[in-house]
Ligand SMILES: Cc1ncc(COP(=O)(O)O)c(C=O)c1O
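In the block that follows, a single chain appears as structure tokens, in the form predicted on its own.
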Amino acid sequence: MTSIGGYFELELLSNEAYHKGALALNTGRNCLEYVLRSRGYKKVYLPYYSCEVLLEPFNKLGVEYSFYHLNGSLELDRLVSLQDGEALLYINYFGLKQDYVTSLTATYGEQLIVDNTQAFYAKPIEGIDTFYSCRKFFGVADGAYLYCLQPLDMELEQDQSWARMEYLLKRIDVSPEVAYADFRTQSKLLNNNPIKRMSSLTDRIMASIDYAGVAERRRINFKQLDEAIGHINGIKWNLTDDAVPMVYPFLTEDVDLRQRLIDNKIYVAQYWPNVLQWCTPADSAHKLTQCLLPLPIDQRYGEHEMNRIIQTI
């Protein structure tokens, strides 16, 4: 029986989630585990340029994996030949490779797994297993969405997120710098969790977001950076009409630029340090890890912040 009255809860809007037709789970890596369990794959091909947490479900289930290389456009440097019981996973990098994802479906069909954790707004392609992450685009501590061809016949416990939210509140009330250690701690606590349904708290937050406004702001910020520094970017990007980017990926030969940005309180992550151990310096993924700077363009910022980034570069 639902309670009536008493103290107030956190005030959130009650709209619809963007991926309302998807299976709402607790993490992106658990979406991948769900697919592996559902489809019974014996082996999956993964890009070298990827996060090591992607390996978690493979190690948990004992599924074989092998890596493939990308070219300078973040596309397969050569097509992978798949056998029965095998699949290829491709990451929709930065939300900017949807056209290429579509082209891969013609080659691999249902043997393609699309990792849209960097492409929250990309529409799923019918018949293709596809998953998304919430916390790479919005202020939540967990949450993911999955479109899967073969749902598992299993009861899933619902997750709880309230204990993971402290760093989000502390960032507002104190500062990003003070909350960063808590963010790192909570991120590690997402490792090796069982598949669960999305928590009620994350679900409520995701249903309170102005998705159209977020998309517009990200596109405007992306275009401002591209117009100003696109001519010195080592990768040329085509922002299609339906693309909503996660970041502005800036490839530079300036090895000191990342630290210079951080010194100016412009925080840029490194995707992904583990790649430096997986690859040789001659591999494209090695260069991307060292030299690609994911410049922030998200909905918290506008023209003033983009100008700070431009001036610092």
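Position 1 is the first residue in the sequence shown; the rest follow in order. All figures in this text were calculated on a predicted structure; none of them were measured in a lab.
The same protein also has a form predicted in complex with this ligand, omitted here; what follows describes it.
- Judged by heavy atoms within 4.5 Å of this ligand in the predicted complex, the contact stretch among the candidates 285 to 293, 299 to 307, 21 to 29, 5 to 13 is 21 to 29.
- Taken together, Leu225, Ile235 and Arg258 are entirely out of contact with this ligand in the predicted complex: none brings a heavy atom within 4.5 Å.
- Contact annotation: of the candidates Val268, Val244, Val275, Leu54, the single residue with a non-hydrogen atom within 4.5 angstroms of this ligand in the predicted complex is Leu54.
- In terms of contact with this ligand in the predicted complex, the residue from Arg135, Arg164, Arg204, Arg217 that brings a heavy atom within 4.5 Å is Arg135.
- Residue contact with this ligand in the predicted complex: Ile195 places no heavy atom within 4.5 Å of it.
- Although the partner is absent here, Thr130 is not a contact residue: none of its heavy atoms lies within 4.5 angstroms of this ligand in the predicted complex.
- Taking the partner from elsewhere, Asp115 is found to have a heavy atom lying within 4.5 Å of this ligand in the predicted complex.
- The shortest heavy atom separation between Ile91 and this ligand in the predicted complex is within 4.5 Å.
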